[in-house]
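Single chain ahead, by itself, as structure tokens, in the form predicted alone.
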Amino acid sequence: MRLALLLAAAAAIAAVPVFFEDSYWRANLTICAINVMLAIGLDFILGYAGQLNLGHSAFYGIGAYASTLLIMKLDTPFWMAFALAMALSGVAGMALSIFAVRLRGHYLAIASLGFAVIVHQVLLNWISVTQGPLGIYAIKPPPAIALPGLPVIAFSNPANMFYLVAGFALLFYLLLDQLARSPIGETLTAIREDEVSAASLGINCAAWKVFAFGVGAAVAGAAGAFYASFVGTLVPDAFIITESFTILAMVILGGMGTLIGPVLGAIVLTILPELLRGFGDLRLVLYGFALMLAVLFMPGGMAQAARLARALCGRVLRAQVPG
């Protein structure tokens, strides 16, 4: 079943740019893949480890600026800068977790929110390095890939860029899914359900919280590196606090602790505002109304709705089979 779903996901990634040839929609598809990375990274922290992190935009921004500055100021090769940006974001996530290891619930939320404010202010005011509100421009896409006997794969092409980002999103999904299904995932779930009971079983809750933050933040850093190379421009306002709430909405709408749910949530909350753009300013009202209805009637998110629909279909099919 999992292999079939994996093949279906790969086929969907391959087919989507074929159906959306317009450069505007291809750009939105790439942003959608970036948001998928952000959502599954946060879900690993929140949905599995149960840590209410409202500073995810900070790790996103660290990854974007770290990769860009390494490339433009130190002439670091793109993929090395990409790996270092992931590592730096992961270390930042671990540092935040170590600092706030005794916090939980809304206290952790406030601490992580404060961290996001600090990072945004650093990006905004450290003008000698980040250019502050002036922004960084002319950021190049990832280097082209030239394989013997095959056409050069240039990532200035929107379709190729989508394939690259979506491929990494699928890879990160598979890695996090393997972690979630392993004893590591069971350990994190135990901490999420009851930290005191988990500690009584000999689980080092502090260490596993640090691990979850590090992994989720590293994935967000990768999303930031791809964002910078795709958009070609960096300004601090791309990583304001509201971005964290948008990512959180993707996770909640999709269904926390499922991975596939946040993927669906990221897709819906990226595409829906574009579909409502024809309504002008009214689109924000419709967007908010749709989110409110989803939370009221699907508290478990889209993943819960899918499970209920599958169970209903199963009952209907069984009822139609002669006894």
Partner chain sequence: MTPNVAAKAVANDGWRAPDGVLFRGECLNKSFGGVHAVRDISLDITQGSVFAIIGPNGAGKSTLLNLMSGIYQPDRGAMRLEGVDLVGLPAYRRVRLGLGRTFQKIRLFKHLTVLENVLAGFHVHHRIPAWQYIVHARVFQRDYARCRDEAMRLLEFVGLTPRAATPAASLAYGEQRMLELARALATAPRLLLIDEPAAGLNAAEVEKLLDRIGRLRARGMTIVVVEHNMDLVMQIADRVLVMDYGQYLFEGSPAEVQASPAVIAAYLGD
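Numbering follows the first chain given and starts at 1. Values in this document were obtained by computation on a predicted structure and should not be read as measured data.
Not pictured, yet referred to below: the form predicted in complex with its partner chain.
Out of the stretches listed (193-201, 74-82, 152-160, 220-228), which one is close to its partner chain in the predicted complex, meaning heavy atoms within 4.5 Å? It is 193-201 that comes within 4.5 Å of the partner.
Please pick, from L175, A146, V91, V129, the one residue with any non-hydrogen atom lying within 4.5 angstroms of its partner chain in the predicted complex. So the residue touching its partner chain in the predicted complex, by this definition, is L175.
Looking at I139, L164, V210, L179 here, can you tell me which has any non-hydrogen atom within 4.5 angstroms of its partner chain in the predicted complex? Of the listed residues, the single hit is L179.
Please tell me whether any heavy atom belonging to L170 falls inside 4.5 Å of a heavy atom of its partner chain, as the geometry stands in the predicted complex. No, L170 is distant from the partner.
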